[in-house]
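This document starts with one chain, in the form predicted on its own, laid out as structure tokens.
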Amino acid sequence: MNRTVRSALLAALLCIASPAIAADTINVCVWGTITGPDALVNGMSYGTHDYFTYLNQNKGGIAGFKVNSLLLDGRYKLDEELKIYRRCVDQENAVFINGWSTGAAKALRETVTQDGVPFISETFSSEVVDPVKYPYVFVAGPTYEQQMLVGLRAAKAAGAKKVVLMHGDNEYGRGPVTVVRKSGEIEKMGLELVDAIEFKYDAQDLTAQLLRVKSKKPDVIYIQSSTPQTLVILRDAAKVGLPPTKFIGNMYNISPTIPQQLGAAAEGFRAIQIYADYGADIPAMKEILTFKAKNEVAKQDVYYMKGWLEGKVMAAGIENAIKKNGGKVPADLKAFRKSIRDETEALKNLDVGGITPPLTFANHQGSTQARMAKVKNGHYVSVGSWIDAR
């Protein structure tokens, strides 16, 4: 084989290994539960997708390059989420991916590292947050475990002694509870864990489980669940005489749907707050209102704010990578993805328009700040100031 043929074959192999990308567009993928059991909190996916549309309409894209943002429906089905991930990596040439569930993030964490594609997930599982083992995986706030400890510390400070944990029978529910129980942190606080109750993620009646909870006479019940399950828990708690003031949930329980649907059965329910609410008097909300003047905002809630923030994080990493390349989109996709990962990790005191305090991503979380919120007169109100959830 002569040198010319060998050179041609080598060039072809290099193209296969690291495909070129269009010089005038930036591809990102966003998937969530657009339809399915967790659709009540899908404002996150819309928020991220809308932020890139906002950039295209008002800022000329990122660093002068238009963003092609693909919004896909994983339907909270693991096999569907895994297929979407492969499509985003192999077919769409996405330089940054915004994924959804805890199950998918855990299943993909090693694959993401092997593929070398920046990935920010809607999960807060500590089991995917490791800058050394999973250098391409990012989240956007305190882990579920950190949130749980914030809630339990607040309960302890208010005089609680006995704790019950409730969680769904999926990775999102079971994983964080298992981590916290094994850590011994509950006992270190001086609290007694009197029961841990697992329930079917899609259960529509939890009366029997809540009667069991009541029999344990807990001072606080922490629920590792999303909004649809919390609705069932608080509804059935009222049936058996457990007041909502005993319950604390994570940030996926700050949904206006809960007080709207439950009324008095939600009064005093507490949850972990990480993001400013939709409508807050902050600079990011002014951006959203500019976007809303020309476009529909599908979900006007705190989860939309989370998605808008994640869009800002992704865009900042992409923009800094382009700057590092002399203001041009790198032609080598693998190298571009690697640069975006590096620049996202290097983000320090990133201003996200007041949605959270400024973010630093050296720990791949951005922020570990949280505060409590409770339902009062049908609305969530903040209780206390931001504290470090670690």
Partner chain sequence: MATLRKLAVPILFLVTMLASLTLGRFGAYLVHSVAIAAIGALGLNLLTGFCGQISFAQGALLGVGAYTAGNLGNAGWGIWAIVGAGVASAMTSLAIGLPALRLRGLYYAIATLAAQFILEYLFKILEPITNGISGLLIQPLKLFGRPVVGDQALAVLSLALLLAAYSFLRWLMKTNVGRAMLIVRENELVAKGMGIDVARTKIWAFVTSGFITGVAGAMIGFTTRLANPEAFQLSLSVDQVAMIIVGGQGTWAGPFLGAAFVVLLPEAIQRTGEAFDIARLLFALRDMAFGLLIILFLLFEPRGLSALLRRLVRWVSSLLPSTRTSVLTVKSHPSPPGDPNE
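Every value quoted in this text rests on a predicted model; they were computed, and no experiment measured them. Residue numbers count along the first chain shown, from 1.
Note that the form predicted in complex with its partner chain isn't included here; everything after this is about it.
For a residue to qualify, one of its non-hydrogen atoms must sit within 4.5 Å of its partner chain in the model of the complex; none of Lys161, Val177 and Lys214 qualifies. The stretch in contact with its partner chain in the model of the complex, judged by heavy atoms within 4.5 Å, is 27-35, chosen from 327-335, 356-364, 59-67, 27-35. Taking the partner from elsewhere, Leu82 is found to have a heavy atom lying within 4.5 Å of its partner chain in the model of the complex. Interface residue remark: Ala196 is not counted as part of the site for its partner chain in the model of the complex, having no heavy atom within 4.5 Å.
In the model of the complex, at least one heavy atom of Tyr46 sits within 4.5 Å of its partner chain. Heavy atoms of Gly103 reach within 4.5 Å of its partner chain in the model of the complex, making it an interface residue. Exactly one listed residue, out of Asn93, Thr227, Asn170, Gln146, brings a non-hydrogen atom to within 4.5 Å of its partner chain in the model of the complex: Asn170. The partner is absent here, but in the model of the complex a heavy atom of Leu78, alone among Met189, Ala264, Ala203, Leu78, sits within 4.5 Å of its partner chain. Heavy atoms closer than or equal to 4.5 Å to its partner chain in the model of the complex belong, across 88-120, to the residues Val89, Asp90, Gln91, Gly103, Lys106, Ala107, Arg109, Glu110, Thr111, Asp115, ordered by sequence position.
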